[in-house]
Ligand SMILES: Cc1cc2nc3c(=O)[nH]c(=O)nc-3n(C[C@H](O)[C@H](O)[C@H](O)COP(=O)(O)OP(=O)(O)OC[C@H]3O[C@@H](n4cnc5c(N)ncnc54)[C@H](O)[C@@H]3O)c2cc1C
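Below, in structure tokens: the form predicted alone, a single chain.
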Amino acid sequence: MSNPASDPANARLAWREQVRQEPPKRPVSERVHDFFEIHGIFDEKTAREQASRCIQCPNPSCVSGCPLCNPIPQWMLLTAEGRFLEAAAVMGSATSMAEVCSRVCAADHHCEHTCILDSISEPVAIAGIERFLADYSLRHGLVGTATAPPNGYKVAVVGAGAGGLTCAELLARRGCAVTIFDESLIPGGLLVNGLPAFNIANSVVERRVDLIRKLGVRFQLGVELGRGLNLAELGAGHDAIFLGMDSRTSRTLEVPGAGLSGVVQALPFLLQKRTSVALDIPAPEVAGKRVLVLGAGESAVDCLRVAIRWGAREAVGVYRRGEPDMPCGKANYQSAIEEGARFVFNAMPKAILDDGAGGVRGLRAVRTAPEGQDVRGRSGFVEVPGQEFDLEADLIVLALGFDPKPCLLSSEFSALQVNAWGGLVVDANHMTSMAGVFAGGDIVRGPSVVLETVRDGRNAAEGILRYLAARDGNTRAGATPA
């Protein structure tokens, strides 16, 4: 079968001939009983056909829509031509963690949302093709463990999440001796300590961590900055430091009954059967119960899907706006609906109802109506007078999002300049007010999506190399020109 991209005259019209396809998906009847990833990988023929739908825009909006500014049209063209390893190499110029990013990115909010075809047809299946290329490159040995000769520099990375892993890998490949410090006993940050395995399997993160170890990166786990790990000591033993710790706090619900024993936060709820580390709260019993989840972001939808897998009688999401304003990705929402989750839109909590024994028996909510817009461009809302109603529940999960956690809480940051909410201030190279100390992710910008954290880690690594080269007046650090 000829490929549409092989005929230049027809290449820009291939999107009319090829219907958008999603990666293969496991049947609902199977996947609701386990936590394995629900999506498979395109085969080579389908990957080529789907990539041929890209019309190669002269000013590609998908690139500007990607937090990593991934050169998507270039690797789409190579994929359509069957040049998969070359395509993967181009894709790798934007991120060293494509197998992670393609699984956790809500592409319909980023590159696929800004694809020009989204307004006239269906957008190119960018995330699915990226995942195919990432898997293909790993299976065919493109991602190796070669590094530049040791340059003599030592760098400490605090935080083993996506940003810290990205920064460490890039520095190690350029010849730096890197040590990652993290308070958790398992590297991966929220990738393994927050996201359910049906979104990204532990084995995917473990494979990347193993590769980073093979690059010579050392891990010191179970240590926390300010508690057994001292910033000054790190500075004395290293030429540069990157701070990339998760730094967020869950939003609370300020209504009567919020302190009842049947009210739990989303992150501990998701972690109960996800981590081997003991938590300081009892695991909620879900089987046979009516579970309400407040919120409509990725964590909220994940909680609904987890509850279903744990045997909940009902899993219902409650959101104060309408479906079009849901902050979660469309694919995650659709998967939840397929798996049996329900949603009550335009409803706001007013009180959590007591069962008389300190537990939960339901939620009192009030209908809302759209009015204006908020600062993020979403629909504003107002309560509708006299429109209160009750929803039955045995367990209520709060998935209301996160607020930034100020760095001022720790004396370790007293010498560093912070912004109005207590986040670290960095320059264009991601360096803080202290020479040689760099930062990115939550600790700089507040609660961040994975791709923003990966971008910060990538940019900070380049900034560290430039700093070291400028400090010593040479290019021993392997820095690329500014």
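Start at 1 with the first residue shown and count on from there. Just so we're clear, the structure is a prediction, and the values are computed from it rather than from any experiment.
Omitted from view is the form predicted in complex with the named molecule, to which the following refers.
Site residues 158, 162 and 245 are all in contact with the named molecule in the predicted bound form, judged by any heavy atom within 4.5 Å.
When contacts are judged by a 4.5 Å heavy atom cut-off, residue 369 does not count as touching the named molecule in the predicted bound form. The named molecule is not shown here, but in the predicted bound form it comes within 4.5 Å of a heavy atom of residue 299. Under a 4.5 angstroms non-hydrogen atom cutoff, the named molecule in the predicted bound form has residue 184 among its neighbouring residues. Taking non-hydrogen atoms only, residue 317 never approaches the named molecule to within 4.5 angstroms in the predicted bound form. Just one of 194, 257, 349, 123 comes within 4.5 Å of the named molecule in the predicted bound form, counting any heavy atom, and that one is 194.
For the options 81, 403, 206, 224, the residue carrying a heavy atom within 4.5 angstroms of the named molecule in the predicted bound form is 224. From the list 57-65, 28-36, 447-455, 429-437, the contact stretch for the named molecule in the predicted bound form under a 4.5 Å heavy atom rule is 447-455.
Shown without its partner, the chain has no residue in segment 27-56 with a non-hydrogen atom within 4.5 angstroms of the named molecule in the predicted bound form.
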